[in-house]
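Same chain, two versions here, written out as structure tokens and called structure 1 and structure 2.
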Structure 1
Amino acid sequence: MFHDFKLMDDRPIYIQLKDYLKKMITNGHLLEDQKLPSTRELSALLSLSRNTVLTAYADLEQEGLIYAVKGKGNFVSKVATHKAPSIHLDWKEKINNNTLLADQLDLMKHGVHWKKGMIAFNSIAPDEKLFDVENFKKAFLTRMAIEGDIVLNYGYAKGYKPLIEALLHYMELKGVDVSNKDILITNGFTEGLDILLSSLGQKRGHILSENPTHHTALKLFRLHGYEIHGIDMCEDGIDIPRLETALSTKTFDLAYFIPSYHNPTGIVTSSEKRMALMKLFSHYHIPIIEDGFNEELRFSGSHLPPLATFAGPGNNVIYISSFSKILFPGLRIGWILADKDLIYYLESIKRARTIHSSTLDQAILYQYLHDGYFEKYLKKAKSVYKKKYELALESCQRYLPYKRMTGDGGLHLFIELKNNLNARTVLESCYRKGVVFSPGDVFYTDGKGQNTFRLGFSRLKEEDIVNGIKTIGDTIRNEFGG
């Protein structure tokens, strides 16, 4: 007995010993009133310090799993180890249709799976090698020194007030009129969109978007029962004449747009089209959900203000964003900027669901922004991503036989293949050669896009960007006559 104890990780040794003994007791391997080895015996047997064993025994006694008899030693307490009769439920029969739909749309389960050593273009997450860990540590220590006792307690559903004020200022610098606007802090963009869709009533159940568009947004629209009407895109954004036709022939509850570094096409909607779009939706009085995706990753050209800026003092634009694609996605901090009256109600939905987002995470992010670290990090990140973007662009132009390629910045490019070549068929061949990408059909509202795919280059080394794109190009030429 006790010979199977092994130190498995870097957790405190006394906790590992305590958990080991606890498992033996609760599983019935150590019986009621059985005497345990003395602290000296067990420390010698397991080659541990006696203090480690003393501490583990003390914790077990505090939990009521063992008891000490003065002069005699430590004994196992009475622990109920009997189990009820085992039954096995078929949980699939108890799952509702919405959950089955979520599973069906889950790309992490049913998409392309990365294997070690592969060149993976299917991610548009930030490169963790760029993460500003040292300054993040400083921000953590600073905020903990100032109000550690506060940020470790419960917070407010609407969010951490200093961060809300910082984000309002941040949006104001983008040109947004924040008068009569407010912010709700969320666990990233996805929760923000989910909360909003859960809160708004449906009259027709129709939502309008660009086609293709963000897969996560499409998934949430479908889970909330919306019928999605997608409008094709031109080189400078959504096709305005088609948008006008759709608005004049059908009634929509909502619209969803990604005007900057659109996911998946990478297109930046022109200033003229932003204004035309806003005039149309003002005429039809339809709320717009604006996805502030990757707005900071502008590598060239002048700044284009978000749709929320074009709205002026109006309140029909609901802006949802996060820093996940540029800063630290592990923080899961996003925000909704909208009319104060709407935020008032969204706050109650947030409180009912998750009480609040992590106050500690919000406080650290606030300190990071407050101390000016974000601007320095962004400058460095843009320099690195610009180089990768230009390399990916050049490699595609050199090696890929494509019909159309879009992407004005950001972390990805979007490819349309010639001759309606099926991207999933190409993917199958590339997968065998250790290269993967995201097939484009998952981004379309109407099942189209079989001849398209998205290339995310943010996390790849420069040589892998070149080699991976060359492999895709060679595969198309040699196996499909591209």
Structure 2
Amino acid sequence: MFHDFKLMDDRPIYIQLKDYLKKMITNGHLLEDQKLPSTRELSALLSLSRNTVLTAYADLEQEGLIYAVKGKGNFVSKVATHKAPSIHLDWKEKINNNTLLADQLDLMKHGVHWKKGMIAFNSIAPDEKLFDVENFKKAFLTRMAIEGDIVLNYGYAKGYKPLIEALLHYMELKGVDVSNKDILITNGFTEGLDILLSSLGQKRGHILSENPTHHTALKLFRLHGYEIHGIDMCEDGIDIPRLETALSTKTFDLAYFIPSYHNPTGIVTSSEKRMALMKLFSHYHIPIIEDGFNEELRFSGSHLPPLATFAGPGNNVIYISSFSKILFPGLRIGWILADKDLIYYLESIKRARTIHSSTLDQAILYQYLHDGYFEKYLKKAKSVYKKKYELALESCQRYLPYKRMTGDGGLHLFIELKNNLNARTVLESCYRKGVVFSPGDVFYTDGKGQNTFRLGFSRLKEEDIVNGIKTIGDTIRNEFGG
């Protein structure tokens, strides 16, 4: 007995010994009132320091797993080890349809997978090599020094007040009229959109969006029972005449737009179009969900205000964003800027579901913004991503036979292949050559886009961008006569 004790890892040794004994007791391998070896015996047997054994025994006694009898030693306490008749439920049969749909639409489970060493154009996540971990640590230590204990205890559902203030200021600088508006902090853009959709109207509403559009948003619209009406895009944003037709012939509950570096097309909606679009929706009194996605990643051209700015004092735009796509996605901090009355209700849904978002993460992000690290980081990130963008653009022009390519900046390009060549078929051959990308069909509202794909280059080395795109081009030419 006790001979099978081994040190597993670098955890404190007394804890490993305690855990070992605890497991034997809770499993019933050590029986009630059974005498344990003396600390001297056990330390000799396991060649551990006597102190280690003493501490482990003390802890076990403290946890009510053993008891000491003066002069007699340590004994195992009474611990329930009997089991009730074990039963097996069929959980799949208990899952509701919405959850089965969520599983079906789960690209991480059922999407394209790639192996290490492949050139993967799937991701549009930031390149972690860019993260300035040092300033992040500084921001953490500064905040902890100021109010570490506060930051680690419960906060408010609406969010960490200093961060809310900073974000209101941040939005004001974009020209947004923040009077009569408020902010709810969420776990990234995704929770923001989910909370909003959970709070609005009844199920089975009608939503208008660009086509193609962000697949995570599409997934949530479907999970919330919305019927999605996609409007095709031109080079400078949504097709306004088609939008007008749609608005004049159908009633919609909501609209969803990604004006900057649109996912997946990478198109930036022009200032004129933003204005035209806002005028239309003001006319039809339909609320707009604006996805602030990658707005910060402007590589060139003049400043473009978000739709929320064009709305002026109006309350019909719900702006949802996060810094995740450029800064620390691991932090899961996003926000909803909207009418005060709306935020008042969203706050209760947020509280009912998760109490609030991590106060620690919000506090670090606040300090990071406050100390100007974000500005510094953004400059560096832009210059690196700009180079990758230009390289990807040039490589596509040189190597890829395509019908149409879009992408005004950001972290990805969108390709439409000639002669309705199927992107998934191309992907299969590229996969064998160690190159993968995102088939475009998942971004479409109407099952179209079989001949499209998205190229995310944010996390790739420059040579991989070139070689990867060349491989795709060669594959299309040699195998599909593209």
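Between two forms, the rigid core is the largest collection of C-alphas that superpose within 1.5 Å. Start at 1 and count along the sequence of structure 1; that gives the residue numbers used here. No experiment lies behind these values; they were computed from the predicted model shown.
Q. Which one here is the form predicted alone?
A. The form predicted alone is the one given as structure 1; the other form is structure 2.
Q) Considering the change between structures 1 and 2 as two rigid parts, does the C-alpha of Leu280 belong to the same part as that of Val69? A) Leu280 and Val69 are in different rigid parts, judged by which superposition fits each C-alpha better.
Q.
I'd like the rotation angle of the smaller rigid part against the larger, computed from C-alpha superpositions between structures 1 and 2, in whole degrees.
A. The answer is a rotation of 9 degrees for the smaller part.
Q) With both forms fitted on the core, how large is the C-alpha shift of Leu46 between structures 1 and 2 in Å? A) That residue's C-alpha is offset by 5.2 Å.
Q: Using the rigid core as the frame, report the C-alpha movement of Leu89 between structures 1 and 2, one decimal, in Å.
A: Displacement of the C-alpha, rigid core superposed: 2.5 Å.
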